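Only one chain is shown below, in structure tokens, and it's the form predicted alone.
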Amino acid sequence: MTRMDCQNVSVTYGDKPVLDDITVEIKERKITALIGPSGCGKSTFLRCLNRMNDSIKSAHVTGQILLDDEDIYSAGYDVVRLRQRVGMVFQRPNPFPQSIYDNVAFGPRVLGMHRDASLDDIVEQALQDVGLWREIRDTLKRDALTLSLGQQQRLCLARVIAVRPEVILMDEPASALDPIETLRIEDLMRELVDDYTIAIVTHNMQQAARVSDWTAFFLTDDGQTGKLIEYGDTGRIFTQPQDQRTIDYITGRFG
């Protein structure tokens, strides 16, 4: 079942084309990996899925991205609501300069979710979901910036989960982490996909092969404009790709 249906999506920054005619389905409760060399538009496409590119004045997006059969780029679409439903974890951890507790509680407070459930319960559940609760339950008032990088990244994931999204976007979430914390993030993704739809940008081919169910390979023909070369079941993409460029990339001949 498709959770987000992306049809003929193109992006320009001013007069510069960045993505051209991308058609991809983000499958419900599956992990979709976006792979490809630097500069091919993977992160730009990921940001299209919750309209993060709106913050770039020169960015212009065409095509359709449907969530529950509604185009998220249609006039009057509630972007605040969209970003609750489609949360994002960035490449480097970006906790707020506040306590651990206040980081996780921030979204539920703003959205008024604590009126229907105990804020303490929401925070505890989110931290449990990312495997942090046992590590920091006695120091919730501690400054979040004193946590290790790996803990900070899991805290940022807890902050997203706390507002009960439907889709989680992850832009190279383990690239700044050591191998142990990277494995924790990968294990978390496989646990969370039982309840969430996940799309991840990664340069790590082994990671994409390990954690994802579907893979989309992006590439530029002219060094500027990203195009979708191949999309399909991860097992097939990594063992029987249909395009020679996919074979060359995943076997390390370029990129």
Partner chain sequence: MSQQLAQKLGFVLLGLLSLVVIVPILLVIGAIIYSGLPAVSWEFLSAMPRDGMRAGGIYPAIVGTILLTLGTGLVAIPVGVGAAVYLSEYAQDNVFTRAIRLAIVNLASIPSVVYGLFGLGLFVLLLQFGTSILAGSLTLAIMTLPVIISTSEEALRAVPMEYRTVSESLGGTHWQGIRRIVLPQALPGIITGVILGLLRAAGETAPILFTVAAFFLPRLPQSPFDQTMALPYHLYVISTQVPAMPLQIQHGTALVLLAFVLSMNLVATLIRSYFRRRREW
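Residue numbers count along the first chain shown, from 1. From a predicted model like this one, the values you see are computed outputs, not experimental measurements.
Note that the form predicted in complex with the partner chain isn't included here; everything after this is about it.
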Contact at V193, R210 and G232 by the partner chain in the predicted complex, all three, heavy atom at most 4.5 Å: no
Location of the partner chain contact in the predicted complex, chosen stretch of 131-139, 102-110, 172-180, 68-76 [non-hydrogen atom, 4.5 Å]: 102-110
In the predicted complex, R159 touching the partner chain (heavy atom, 4.5 Å): yes
Distance check, D143 to the partner chain in the predicted complex, heavy atom within 4.5 Å: yes
Proximity of Q84 to the partner chain in the predicted complex, heavy atoms at 4.5 Å: yes
Close approach of M52 to the partner chain in the predicted complex, 4.5 Å, heavy atom: yes
